[in-house]
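Below, in structure tokens: the form predicted alone, a single chain.
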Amino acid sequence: MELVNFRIFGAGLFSPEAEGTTVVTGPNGTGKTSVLEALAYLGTGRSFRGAPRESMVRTGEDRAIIRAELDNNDNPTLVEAEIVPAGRSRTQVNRKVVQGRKELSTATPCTIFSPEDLVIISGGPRGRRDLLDDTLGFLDPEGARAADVVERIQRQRAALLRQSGGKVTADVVSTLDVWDHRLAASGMTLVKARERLVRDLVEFVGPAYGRLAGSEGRALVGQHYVRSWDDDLLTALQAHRSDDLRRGVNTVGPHRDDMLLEIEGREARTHASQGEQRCLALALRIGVHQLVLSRTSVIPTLLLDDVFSELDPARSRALVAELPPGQSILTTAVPLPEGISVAHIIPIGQLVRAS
């Protein structure tokens, strides 16, 4: 993977081992996480740190480039991303521009573990929805397409609501009718795909949490998809239209849904300890990885960003035991826990970085 003007890297070149675990070491603040962020951006089109695109471009530059050569099941793939803060960013796979999450996740499949994952449990619904929609890119082409379509329709519908200024004209009503029917159709496809995915993950998330938490064999984790409306989506959109026009935003739809997570019957977001939340976040990532392995021929690269600094020794060993074979890239500023097999260690200073 080549980096140009990405974060603190004026130029960088990263070559991990194809099999086993490559460890990137170095003090905090030296760019270790940025290496994983760049690779994950190629697979998702966004920063797993929740950072805006402009923050990923090196100070003083007008764009950043990420270029990676990957080998997926003996299928060589070139993935290139151009990140432009003030313009249109784009990603290409084998020189063809792509936008859909299915194409990105197929070209650069990866599973990400990071300290930021705690927000998936403790934060708002968006992080949980993003996890589901990213996973659809691996498993459900129709659901992944619906996620992209819904996102575009909601942007266009929201722009119309803002432009209307709350005025209900014939043109506004007729255009909203069109958007609402399209949103209802694609939205229901997306929601049903998310609901199936939540049910499918039950088999993997609960057991993974039990092993990480040292409570194997107990039914600890509950997960349920929660819609933000009653009845059918088209009826809900029409019922909320007046409120949407008054507020200038989309107040109902798949972008307001959530995945409710529970530990021993307690809502994890509000009633779990930070240790429990962290274990559950890791279990979700492991569950997604294992579900993808069980349903497809795709073997995502595991990206582990400084996770051992957040775990006690027992949970660190449990996490190591959960990691499946394949390619892993791990960053750390602390010594590795015992028991992890390392294929290669790269000090962060070995990546060429312009000052």
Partner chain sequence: MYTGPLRALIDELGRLPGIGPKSAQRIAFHILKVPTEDAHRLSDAIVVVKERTTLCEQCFNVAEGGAWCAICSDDQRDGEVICVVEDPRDIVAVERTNQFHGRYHVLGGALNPLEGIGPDQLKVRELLARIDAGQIREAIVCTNPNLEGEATAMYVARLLTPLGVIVSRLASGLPVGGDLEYADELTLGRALEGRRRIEV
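The structure displayed is predicted, hence computed values, not measured ones. Residue numbers count along the first chain shown, from 1.
The form predicted in complex with its partner chain exists for this protein as well; it is not shown, and the discussion that follows is about that form.
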{"property": "All of G31, R46 and R53 within 4.5 Å of its partner chain in the predicted bound form, heavy atom check", "result": "no"}
{"property": "Single option in R285, K102, R129, R278 placed near its partner chain in the predicted bound form, where near means a heavy atom within 4.5 Å", "result": "K102"}
{"property": "Heavy atom within 4.5 Å of its partner chain in the predicted bound form - the one residue of I153, V221, L139, M259 that qualifies", "result": "I153"}
{"property": "Interface membership of V226, its partner chain in the predicted bound form, 4.5 Å heavy atom rule", "result": "no"}
{"property": "In the predicted bound form, R145 touching its partner chain (heavy atom, 4.5 Å)", "result": "yes"}
{"property": "A159: touches its partner chain in the predicted bound form, heavy atom cutoff 4.5 angstroms", "result": "yes"}
{"property": "S174, heavy atom within 4.5 angstroms of its partner chain in the predicted bound form", "result": "yes"}
{"property": "Region of this chain that lies against its partner chain in the predicted bound form, out of 262 to 270, 180 to 188, 193 to 201, 247 to 255 [heavy atom, 4.5 Å]", "result": "180 to 188"}
